[in-house]
Each structure stands twice: as C-alpha cells, then as structure tokens.
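Presented as structure tokens, the chain that follows is alone, the form predicted alone.
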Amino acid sequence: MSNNVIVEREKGLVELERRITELREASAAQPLDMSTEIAALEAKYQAILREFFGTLTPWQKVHMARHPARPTSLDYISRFDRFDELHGDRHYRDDPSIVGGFAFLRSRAVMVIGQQRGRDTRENLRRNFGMPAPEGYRKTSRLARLAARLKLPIVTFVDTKGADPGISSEEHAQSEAIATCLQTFATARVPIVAAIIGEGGSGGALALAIADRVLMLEHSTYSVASPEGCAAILWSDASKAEEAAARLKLTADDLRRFGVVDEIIAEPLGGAHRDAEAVVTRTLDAIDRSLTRLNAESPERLLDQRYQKYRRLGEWRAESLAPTGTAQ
C-alpha cells in the first residue's frame, strides 16, 4: 500500500463521510426518520476502516508515518498553553526545519523543540522537508543548554526522514553538529521527554531523541535508515524497500519490545490525521505525566538512569554454555 494508494482509499472514505453528513443534515431539516440509513452507512464506514487500516504491515506504517496530513510538530506545540519561539544558532543562521522555544505545558514551564516539515510544496521547501541542516542541530543544542541552565524540562518532537545530506551541510560539519546534540542531551541535568510523531530517520532523529522517556505514536517509525536506503545498501535495489521495512523492526511495537521506546500512544483507525485533535491531546497528556514522574527525581539520578537506559540498548546476553567436554 503506497502513499498514493492510501490517499486513493481515503478519497472513498471522504465521499462516504460526506454522504453521512448530508443525510444527518437532511434528517434534521425535515420530519423524515433517516436513522436506519444513517446507521447502515456508519456501519459500512467502520467496516471499511477496519478492512483498510485494521492491520498494517511495517511498510504500510512507513507510508502512514509519511502521510501529508499527519499532525506536525507545530500542531502539537500550538496546543501548549504558551509558546515563545527562539531563532538562530548564534553561529551562522536560523534553520526553519527546527522549531523551538520557551513554552508552558499544563502550566509547567518547559523548553520545547521539534522538527517541522511542510504541508505544501512552498512550506516544504522553506522547511527543507523537515531535514535539519547543521544550523538546526546547533540551534537545538543551544536551546537544550539554555534549558539546563534555567532548570527547565525539555520536550522534543521527532519527525524527520533524516539530517540534510547536502554538500553544504557536510561542509558545515553535519556530523559534528549531531554529535554535539547527542552529548548535550545525554548530559543535561533536567528531565527530557521525546515524542516520535512521524518518521524517525537515522541520526537526524536520534539527535533529538536522547531522553529519559521516549514516547512513540502507534503508526510512527524509528530506524537507523529509511527502508529505501537500507534496501539500496544491502541489496543495491531500492525496490526491496518493503522487505527492508520488515527487517528493520522500525514499528512502535517492535521498538517497545526492544526497550528503545517507553510508551506507545494509540492512534485512531486510519492514522493520527483522522482525529488529530484527540491524538494531540493524548500525546500532550502522556508528556505531562512523564514530566510529573521525572520531576520527582534528582539531577544525579536522572543522569544515572539515562546512562543506564542507553547502555542497556543492544545489550549482549550469552546463552548458557554446554558443559566442558560436551560437543558444541
């Protein structure tokens, strides 16, 4: 199921939604009982939703995470009680693909930072399709250090295909900028909560995802490489992306099982965009609960637990060895 197929299927659902709305309006405007017809259409609508989206493969979830209508970082940040954006990396320029600043979440002062992609071609070009340049990661590091100095919790929203791979970014030390982000988040003496809300691609996503609690939306993805990139590397054939998606174990369920993700946030059938307001509220509630729990810890304990959390990832466990002298 490609993105185009998902959109095509949704067109049929939109038409059915329109028909249900029309019947409800007609029933309210005149003394006709259309409850039976409306109930039948609603039942059909739910059945189609379950058929199309009840069980998604990893490759289908990749396309769901890339859906053009999926809520972006600013959709979440706009629901904070207040947000005052800060700009620039204090070295070269401001990177619009990273949005960050002071905010209030449930009356709690925080520093919020998110990767922002566009809704249309013009905005995507301005935001570089949500792929941060080194200046974006340096802005992220600056804001994280400022939060630590002011003793403010940090909230991040992860949604990127990966860091910008252009020549200019390489010339401006992309790898160093990402590494500095990793170091800054790893050593910040304040609570950190990261939410993976769309694509979590490679080091470009990891740069904002070193956290005490990592939350992940049900149909988001998080991996060391995109399925297309992985297929090109392993088999020199990008058309094997679907197989790569299955092997990468990039879904929320896989990552929760591995301990990479701490909590999965449920999405409605058809993806977060089908009820964005509810998903945003549910996500902010989960972030608030996590911050409440983390605020009870001392800075020293936060750092120790964060260190242990990432040391455990990929931990090697040897199976029991056969007795000495036994053939192996």
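Start at 1 and count along the sequence shown; that's the residue number. Please read all numbers here as calculations on a predicted model, not as lab measurements.
Heads up, the form predicted in complex with a further copy of the same chain isn't pictured, but that's what we're talking about next.
Trainee: Decide whether D120 counts as a contact residue for a further copy of the same chain in the model of the complex under a heavy atom distance cut-off of 4.5 Å.
Mentor: Heavy-atom contact with a further copy of the same chain at 4.5 Å: absent for D120.
Trainee: Using a 4.5 Å heavy atom cut-off, state whether H172 contacts a further copy of the same chain in the model of the complex.
Mentor: Close contact exists here: in the model of the complex, H172 approaches a further copy of the same chain to within 4.5 Å, heavy atoms only.
Trainee: Within a 4.5 Å heavy atom cut-off, is H219 in contact with a further copy of the same chain in the model of the complex?
Mentor: No.
Trainee: Classify R256 as contacting or not contacting a further copy of the same chain in the model of the complex by the rule of any non-hydrogen atom within 4.5 angstroms, answering yes or no.
Mentor: Close contact is absent here: in the model of the complex, R256 is far from a further copy of the same chain, nothing within 4.5 Å, heavy atoms only.
Trainee: Are there residues in 61-93 with a heavy atom within 4.5 Å of a further copy of the same chain in the model of the complex, and which are they, in order?
Mentor: In sequence order, D89, R90, H91, Y92 come within 4.5 Å of the partner.
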